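So this first bit is one chain, no partners, the form predicted on its own, shown in structure tokens.
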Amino acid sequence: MRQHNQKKTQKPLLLITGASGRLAQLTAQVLKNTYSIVGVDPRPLGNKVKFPGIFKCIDNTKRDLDEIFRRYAFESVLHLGRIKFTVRQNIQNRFDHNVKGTHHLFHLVKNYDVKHLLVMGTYHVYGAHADNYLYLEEEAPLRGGQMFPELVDAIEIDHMAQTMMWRSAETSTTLLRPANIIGPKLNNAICRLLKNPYCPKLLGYDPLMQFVHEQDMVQAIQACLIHPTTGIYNLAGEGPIPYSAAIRLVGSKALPVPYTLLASGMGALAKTKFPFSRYLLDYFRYPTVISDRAFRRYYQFSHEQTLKKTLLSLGHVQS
């Protein structure tokens, strides 16, 4: 159901959800010469942010989004709009936005014959478990919600994206499951943690972790949009590294904390400069190491940023 009275444009139209987020803004800046971009987000843009396209402050669950699809004939949709868990975020509101909002968005994508849907998932859906084997591939079971309901919405979005793949053959649906995305311009939990001069480290644990530089993440998104395909792809950085080594590379110092003490003090700790969320604790105990061999092979993709440069981009010391 394409809109026919839309003004002619030489560039294909791209919708970006979660457009107020920093990763979305970085991505939009790279794609602005290739696409005419419309961004939507229930959060307003920052005072000093200039979005390279049309920005609408709307919620994915509202009918305002229907009007956006009626007005613009999008060729591609980039879904970056999942609200991450925080102690201040009402659980029901977050679930409504993430799950109901995504369901509404996918319904519009299907009804308006969008050619390509790119969904940003997370490697957290695999869960952190003592029996995880190294280099989890895309077929591995999604066990992230077994212990922590905070991850249920992420897994539900993942499942909805997979359903789109098989029920909407007219739309190429790509689902990315990246590892920790970090960089100097991002402000997510892992970036805030590693930017501290002291990083909490669970006594007796030093799991392998993976990091993707923000620039490499944007390049991966661009590659998916240029060559749309239906599939699920992990995305990791150059290689895994022990958490303690990552702390040293960014120029911070490890702050050893017993697991029981940290787990019992999560409510108070989350309000301080240490941005641990309860569900993240197990990722600092057990390794969740993913394989992105399928993504590299299909897209002929290689990361421009080494692991060392990726971590140094956050650090307190110069490379």
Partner chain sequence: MTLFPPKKWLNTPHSTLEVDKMANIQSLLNSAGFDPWGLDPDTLRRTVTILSWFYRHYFRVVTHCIERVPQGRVILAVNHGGQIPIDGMLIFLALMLEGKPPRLARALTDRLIPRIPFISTLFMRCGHVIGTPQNGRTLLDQDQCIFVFPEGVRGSGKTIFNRYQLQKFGTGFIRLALETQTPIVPVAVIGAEEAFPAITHFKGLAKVLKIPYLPVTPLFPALGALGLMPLPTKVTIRFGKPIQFKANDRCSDSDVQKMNRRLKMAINRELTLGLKKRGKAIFTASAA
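Values in this document were obtained by computation on a predicted structure and should not be read as measured data. Positions refer to the first chain, counted from 1.
The discussion below concerns the form predicted in complex with its partner chain, not included here.
None of 233-241, 94-102, 189-197, 220-228 except one has non-hydrogen atoms within 4.5 angstroms of its partner chain in the predicted bound form; the exception is 233-241. Distance criterion of 4.5 Å from any heavy atom to its partner chain in the predicted bound form singles out 245 from the list 160, 245, 152, 80. Taken together, the three residues 203, 206 and 308 all come within 4.5 Å of its partner chain in the predicted bound form, as judged by their closest heavy atom.
Residue contact check for residue 181: none of its heavy atoms lie within 4.5 Å of its partner chain in the predicted bound form. Within 4.5 Å of any heavy atom of its partner chain in the predicted bound form lies no heavy atom of residue 112. Taking the partner from the other structure, its partner chain in the predicted bound form has no heavy atom within 4.5 Å of any heavy atom of residue 166. In the predicted bound form, none of the heavy atoms of residue 139 sits within 4.5 Å of a heavy atom of its partner chain. Contact annotation for 103-133: residues with any non-hydrogen atom within 4.5 angstroms of its partner chain in the predicted bound form are 130, 131, 132, 133, listed in sequence order.
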